[in-house]
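Only one chain is included here, represented as structure tokens and corresponding to the form predicted on its own.
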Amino acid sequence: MKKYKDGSFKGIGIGYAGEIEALVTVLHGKIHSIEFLSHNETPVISEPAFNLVPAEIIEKNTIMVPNVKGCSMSSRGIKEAVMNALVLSGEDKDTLIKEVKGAENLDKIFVTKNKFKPSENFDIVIVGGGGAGLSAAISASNLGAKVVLLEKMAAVGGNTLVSMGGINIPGSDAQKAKKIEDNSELYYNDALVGGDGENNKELFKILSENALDTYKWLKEEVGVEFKKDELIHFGGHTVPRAAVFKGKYAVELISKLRKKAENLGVEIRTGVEAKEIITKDNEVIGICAVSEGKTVEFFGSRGVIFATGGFSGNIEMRKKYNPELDERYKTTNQSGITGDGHLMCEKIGVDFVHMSYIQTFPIANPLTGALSHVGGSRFDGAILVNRSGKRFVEELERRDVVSQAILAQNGGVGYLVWAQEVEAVANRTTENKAEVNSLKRADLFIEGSIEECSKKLDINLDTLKETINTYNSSVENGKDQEFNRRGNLVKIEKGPFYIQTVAPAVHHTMGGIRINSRNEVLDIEGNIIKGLYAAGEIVGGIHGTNRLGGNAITDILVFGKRAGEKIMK
């Protein structure tokens, strides 16, 4: 067995969300302990990697250990941090790099050793463990159902977990505290304008009218906590409408949904990939799935609920429906969002709607496609400029409008500019330090005087200063003369300044399977497919041509909860 130099050594690796810093202790020549000093990996999703990879390294006394299935980027970041710590202890870096590379050929670690019978029976089978699937599981269990939830990734959460953490609710506590007048009708009208009137009006009416009750259900029954005085004014909305979950992203939401589901007896099976819908006499009765290479059938006496998300990560499917969105486009989505549910539904004649409507998120990392949380400063008052130093779009316009405007600029990128007045609104840089550090290493985020920032990014300084001065004058006058920016106008005056390079990435698929008002899935002739229900991003038509920010979380929770209720009636 290999021997290392005794001592404690720090190392840094790069995971999914930035730096992972580890303290590695070697005792009697063996790796004795691995302590993580800091990281910004997404809770819940990254937990399996942090639980299993260090244990494997310590047990085998080597960094040549496999990644955890569904947590590959976090796994690599952990191993890289340990590797760099061992380099500081005097180990040969080239040798360690070979070990890390060799580990990529090893079979991935499964999160749990699932022990299944060849077939298992439940009242309801739910496919997908994001916000929609968990909400459906809770509401069905509350009505007495025996529920199994199948999630192909290592942990539940899906795309919900890494969202901006805002949910549009007309009449939320935060709106009341800020004396913002809002109602379901205004919300409904905003969404129809945002979707160019192509929304399924019946379904969005259900969403808008049930949003507030769902919010109360989250607080009172699930125990979800919200930031008391914070709202996000997403683009396209008349007023600030998005209540914000406590903590980062939607970790609070998913953690509480998972806990509630488990307390109700929902069987959550991770690492289980649904492959085929089982039918009998034109009725959906179950799911054929694979786990650890073994096939198992899950039967639901009341049916199956699909909550498998969209298809932003499936390049071939994107190109099939929208050829423009090819390999050149990164995606903000988690790796598991690949349209599996769409493909399974296609095989049994399900009807699809609006499949060509695919949305890009305007404020993403140009190199990786990762959704930028520090870029949420756009909602707080930051402005967008091009390399010439000029504004070119209203920053709170619809996502598709802002994305197209950025792509039309030199280099296909925009520059988000703000200073301390905007930073004070939500403290984006301090709340997202790991992301900021990662962006800085790639020269995508510059902090300093306006002269330093513009020089580093080759932005025309004189024009940029003029743009900022003009904007600040608009703030003083209470009216954005150039683009009629909605929401609160905030000055950009007190340094240090921040400039972030941003570009759009594929974010959301508005198209999907067609459902009725009871969440029942319809076939190509408009008939109900008995026993099959759906909720969340897999459903098409609700948002029309373009989904407004913050509506996805409202959608998945309203219709997820509703699917669990309707399947029981």
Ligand SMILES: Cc1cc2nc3c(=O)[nH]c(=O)nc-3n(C[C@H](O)[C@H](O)[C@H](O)COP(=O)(O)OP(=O)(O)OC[C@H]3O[C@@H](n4cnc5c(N)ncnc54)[C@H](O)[C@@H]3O)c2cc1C
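One-based numbering along the sequence shown. Every value quoted in this text rests on a predicted model; they were computed, and no experiment measured them.
The protein also exists as the form predicted together with the ligand; that form is not presented, and the subsequent description refers to it.
Taking the ligand as it sits in the model of the complex, is residue 414 near enough to touch it, meaning that at least one heavy atom pair lies within 4.5 angstroms? Outside the cut-off, so no.
Hey, in the model of the complex, is residue 435 touching the ligand, heavy atoms inside 4.5 Å? Flag for residue 435 set to no.
So in the model of the complex, is the ligand close enough to residue 371 to count as touching (4.5 Å, heavy atoms)? It does: once the ligand is placed as it appears in the model of the complex, residue 371 has a heavy atom within 4.5 Å of it.
Decide whether residue 170 counts as a contact residue for the ligand in the model of the complex under a heavy atom distance cut-off of 4.5 Å. Residue 170 lies outside the contact set for the ligand.
What stretch, of 208 to 216, 335 to 343, 116 to 124, 386 to 394, brings heavy atoms to within 4.5 Å of the ligand in the model of the complex? Checking each option against the 4.5 Å cut-off leaves 335 to 343.
Could you tell me if all three of 131, 307 and 553 have a heavy atom no more than 4.5 Å from the ligand in the model of the complex? Yes, all three are in contact.
Exactly one of 261, 272, 82, 191 has a non-hydrogen atom within 4.5 Å of the ligand in the model of the complex; which residue is it? Of the candidates 261, 272, 82, 191, 272 is the one lying within 4.5 Å of the ligand in the model of the complex.
Which residue, 422, 464, 150, 406, is the contact with the ligand in the model of the complex, using a 4.5 Å heavy atom cutoff? The option sitting close enough to the partner is 150.
Can you list, in sequence order, the residues from 155 to 188 that come within 4.5 Å of the ligand in the model of the complex, counting heavy atoms only? Residues within 4.5 Å: 157, 158, 159, 160, 162, 163, 164, 165, 166.
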